[in-house]
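Presented below, as structure tokens, is a lone chain in the form predicted alone.
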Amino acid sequence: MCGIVGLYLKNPELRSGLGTLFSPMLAQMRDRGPDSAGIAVYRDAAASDAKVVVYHPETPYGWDAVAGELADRLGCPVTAEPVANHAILTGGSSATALRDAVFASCPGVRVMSAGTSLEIYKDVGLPAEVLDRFRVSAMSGSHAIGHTRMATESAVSTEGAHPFNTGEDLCLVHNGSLSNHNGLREWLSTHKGIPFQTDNDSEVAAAYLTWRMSEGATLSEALEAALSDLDGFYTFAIGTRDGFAVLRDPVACKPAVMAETDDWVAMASEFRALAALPGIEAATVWEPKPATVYSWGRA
């Protein structure tokens, strides 16, 4: 059992308060996932600078030395901004190039996310502790998705926490379990060159969507294909630079509820995560149908 939440702010005037609105939603999912928690926040959609959020268990860690090593490898300036036991690295010709340089030069450093808008922060601990650790309540942005984990098939670790990111500015959180992830991971790694950092089935789902979209599919088209190619039970919340989407498997045994007003759209595993949002009393509230893609923004 895990808890997932998502919030997309349609009204730009609310975006400076994204973290204030989002943090109580994730905290409400404590009972569904006390092992670890994570947040994916989308900042300025028009941003173009490549950035990679990285993690190392030592705090403080020598992030300036890491940035210097990456600058030497890439032949351009790289900066590091520490955020608790994470850091935001900025520089390089693309987020993928910067990510690959981290893989090649910094074997003890884990990549949490890569893109121009997306930042992922995740760690072991109760949701409220993780939210405080990364000062999520002060964050601004257009949308965010989050996850609280009760581990069932892989270790309780920062690396095993959600969200998972594999392609630039794409991330996924997942409540459920996939039964064909081992074979799909091998195929995506061997035939499509997608790197994996964990044995978590949710990372495979994120990588599958990255591959589909790299072939030209929209996020909605990739999710439609996932209904045939991903075997298991799941509720997904997926973020891209342009919006977010929700998908339940054809059986839909994992809980989900959605709500929408003129100002925002939100989803959660349970309604209590939505109950404090402004205007919820007048919102349209519904249970998402099985095997149906819901998306907002330009996703």
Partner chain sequence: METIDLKTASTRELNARLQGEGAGSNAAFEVLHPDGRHALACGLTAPIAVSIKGHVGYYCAGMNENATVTVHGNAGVGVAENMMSGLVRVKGDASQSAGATGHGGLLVVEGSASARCGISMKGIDIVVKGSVGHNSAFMAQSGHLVVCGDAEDGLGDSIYEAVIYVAGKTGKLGADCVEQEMTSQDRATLTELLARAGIEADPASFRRYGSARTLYNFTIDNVGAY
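All values reported here derive from a predicted model rather than from experimental measurement. Residue numbers count along the first chain shown, from 1.
Same protein, other form: the form predicted together with the partner chain, not shown, and the subject of what follows.
Contact with the partner chain in the model of the complex holds for none of R43, A65 and P77, as no heavy atom of theirs lies within 4.5 Å. Within 4.5 Å of any heavy atom of the partner chain in the model of the complex lies no heavy atom of E13.
In the model of the complex, none of the heavy atoms of A47 sits within 4.5 Å of a heavy atom of the partner chain. Of the heavy atoms in P278, none are within 4.5 Å of the partner chain in the model of the complex. Contact check for R30: no non-hydrogen atom falls within 4.5 Å of the partner chain in the model of the complex. Checking E270, D231, E260, D242 for any heavy atom within 4.5 Å of the partner chain in the model of the complex turns up a single hit: E270. Shown alone, this chain has one stretch from 66-74, 34-42, 270-278, 53-61 that lies within 4.5 Å of the partner chain in the model of the complex by heavy atoms: 270-278. Annotation for 237-251: interface residues with the partner chain in the model of the complex are R248, P250, V251 [heavy atom within 4.5 Å].
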